[in-house]
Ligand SMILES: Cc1ncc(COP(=O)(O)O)c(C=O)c1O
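Read the single chain below, which is given as structure tokens and is the form predicted alone.
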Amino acid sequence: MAIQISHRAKAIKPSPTLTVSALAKQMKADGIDVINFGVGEPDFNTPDYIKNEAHKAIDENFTRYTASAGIIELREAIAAKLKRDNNLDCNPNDILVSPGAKASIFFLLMTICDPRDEVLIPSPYWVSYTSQVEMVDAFPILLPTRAASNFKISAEQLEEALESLSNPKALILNSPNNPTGSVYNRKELEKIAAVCIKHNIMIISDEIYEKLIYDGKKHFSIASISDEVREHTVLINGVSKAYAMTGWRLGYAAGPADIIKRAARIQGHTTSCVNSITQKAAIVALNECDGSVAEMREEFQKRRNFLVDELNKIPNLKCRLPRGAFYAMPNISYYIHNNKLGIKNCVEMCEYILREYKVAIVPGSAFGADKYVRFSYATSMENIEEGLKRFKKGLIDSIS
């Protein structure tokens, strides 16, 4: 008799972004010329000054278990970064270093959520938020946004939603946002924070794309509004996006010491700690700078400008200019409703574009946005130019 799979495991769907990337990589391995816009990681290499520190750690045999929450030198470096960049006063006991920001969020949800608690999530949303909330037996409550509001919730919308809930526990706020690239300004965050304080809910502020904001704008962390807001906030960040270190797997959470302490206990019984070599490399990434972050940001801005301009030249397609991260979300609803191929939704459209035109993009339904698709411009300008030509031809051919 076969062992029964748990309801929890049955309910979890595979990550659409990782699925698209894996399929595109397999097609490339099979000799097919695929342009991949699905990947959510910088196409730049980790800077040499960071890699050199990793080599040094290996040579010095820094290869054993560390404290579960992270080595003290790294947590001190994170605290210094939070003070320098975000005007936040933290000490090492306020910080948990995890194997990726994704793990930081999950351990935090495990810490604060009981079964049937409600976690509010603006939509479109990063694909793992809803799954992680469900994995801790809580309920994701989606707050729909529109292109006209730059895909941002308002304090009034949040207030209205909270008044209708029975067990609200937290709001997950992602700025800069994946998949929309939207960025909240200080005034917007102050109003949202006031509502969270009023209803005594935790703010989980995912700021992993902090260093990737364009047009001369600066990132503002909601935790820095006041001491009271800070006590209601856990900030999530890491080294993956800013320093092109996705495969190194290091994220962190910073927040009230008691919450962090208990999340560290959960981590201690699951993943133990982040690998020691990555931790040493991350110290240098945070403490030093060779200009590579600024260079990467400038290149992403050039690609963004070109991509969005060209997308908006496609007939009957609209795309908002993203202010951060490295994603663009064009609305393809016209082609879904008017094609002659029997395509009924964005998933089928993405499958058609991949199969017939060898371009990999992620369907917006993965993020709660059925009328959209997501492009990642974390790829070369050459790929963007060629991929856009194929994408445009695929759309036009679908209706002609």
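From 1 onward, residues are counted along the sequence shown. Small disclaimer: the values here were computed from a predicted structure and weren't measured.
Omitted here: the form predicted together with the named molecule. The next part is about that form.
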I'd like to know if Lys169 sits close to the named molecule in the model of the complex, meaning any non-hydrogen atom pair within 4.5 angstroms. no
Should Ile208 be classed as touching the named molecule in the model of the complex when contacts are defined as heavy atoms within 4.5 Å? yes
Contact of Thr130 with the named molecule in the model of the complex (heavy atom, 4.5 Å): no
Whether Ala101 contacts the named molecule in the model of the complex should be assessed with a 4.5 Å heavy atom distance threshold; does it? yes
If we test each of Arg75, Arg304, Lys280, Lys241 for a heavy atom within 4.5 Å of the named molecule in the model of the complex, the one that passes is Lys241
Answer option from Trp126, Phe220, Phe106, Tyr214, heavy atom within 4.5 Å of the named molecule in the model of the complex: Trp126
Lys313, Ser376 and Thr379 each touching the named molecule in the model of the complex (heavy atom, 4.5 Å): no
Going by heavy atoms within 4.5 Å, which of 93 to 101, 314 to 322, 220 to 228, 181 to 189 lines up against the named molecule in the model of the complex? 93 to 101
Taking the named molecule in the model of the complex, which residues of 28 to 60 have any heavy atom within 4.5 Å of it? Gly40
